[in-house]
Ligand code: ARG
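Just the one chain here, the form predicted alone, laid out as structure tokens.
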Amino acid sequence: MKKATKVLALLLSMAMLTSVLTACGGDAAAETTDATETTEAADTGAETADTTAAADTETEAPAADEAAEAPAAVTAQEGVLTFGTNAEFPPFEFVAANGVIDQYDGIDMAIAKQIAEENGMTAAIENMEFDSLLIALQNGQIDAVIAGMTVTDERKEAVDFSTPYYTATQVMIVKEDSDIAKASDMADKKICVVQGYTGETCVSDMGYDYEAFKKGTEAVLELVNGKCDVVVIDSATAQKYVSDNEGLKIVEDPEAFDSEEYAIAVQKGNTELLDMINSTIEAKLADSTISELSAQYLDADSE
């Protein structure tokens, strides 16, 4: 009997132990399951967040691309309109002790200042090499170009031009005793031009060899020093150089050189700025302000 009782007690103890172990195992499994589900939920949340962020990024990316491609708007928020120029083209743009915009003076500078002021803004100038102007414009470094720039079909493919404000032509600067009387007489002469100017294009189209300089003053100095025979350049600028250097004269050849128009360039599609510029130019042409400015600077150069 005692033995049976002991056996029964042993069986009861084992049953209780099994029950306890099963309960612990169930809690551990539940905790493990809960932890797994929590981890999976966290992973799912992270994936959802990543997916949402990626979706947001993908949604915003085209807008950023479009903004990069869109032309720069008028910088009205800063109140400054920045013009690019090449201040080596008197009487249109040159450096002076007291310019109309900082140290920059000339017909174009006076026009630029009026455009800005008429629209409640301040004009600023970035002076650079002529060949760099349109690149700087397309890159958004400047708002517009005003530099005695001739409107050409090639340039119109890259930028939009304002209403023309000045008509000019190419002429030849020679020494007073020169035998050059027309463009064809340059055939066997040493010719100087300014790089990027219309004069270079004209001489190149004629098939003549030439030497190009960065500045008009450098090209004219070659002529003054007897190192070249002729300089081809815009008429108004030629007048300035001839008045500043004794022994030089201007030779015209309307049959060889067509008239050309100067205008202000803006980025393609920047209609807001273009309309603003055109409004001022057309008003200043109508009331003869631009004609008076041109006469003022040309007369000053001839004194």
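For every residue, the number given is its place in the sequence shown, counted from 1. What you see is a predicted model; the values in this text were computed from it and never measured.
Another form exists, predicted together with the ligand; not displayed. Remarks below refer to it.
Proximity of K182 to the ligand in the model of the complex falls outside the 4.5 Å heavy atom cutoff. Within this chain, G99 is remote from the site of the ligand in the model of the complex, having no heavy atom within 4.5 Å. Using a 4.5 Å cutoff between non-hydrogen atoms, A147 counts as a contact of the ligand in the model of the complex.
The ligand is not drawn, but in the model of the complex it has no heavy atom within 4.5 Å of D143.
Within 4.5 Å of the ligand in the model of the complex, a heavy atom is found for not a single one of F83, T280 and K284.
Checking Y104, F130, Y210, Y166 against the ligand in the model of the complex, a heavy atom within 4.5 Å turns up for just one residue: F130.
Residues within 4.5 angstroms of the ligand in the model of the complex, judged by any non-hydrogen atom, belong to 87-95 and to none of the other stretches in 87-95, 111-119, 182-190, 223-231. In the model of the complex, the residues of 188-209 lying within 4.5 Å of the ligand by at least one heavy atom are, in order, G196, Y197, T198.
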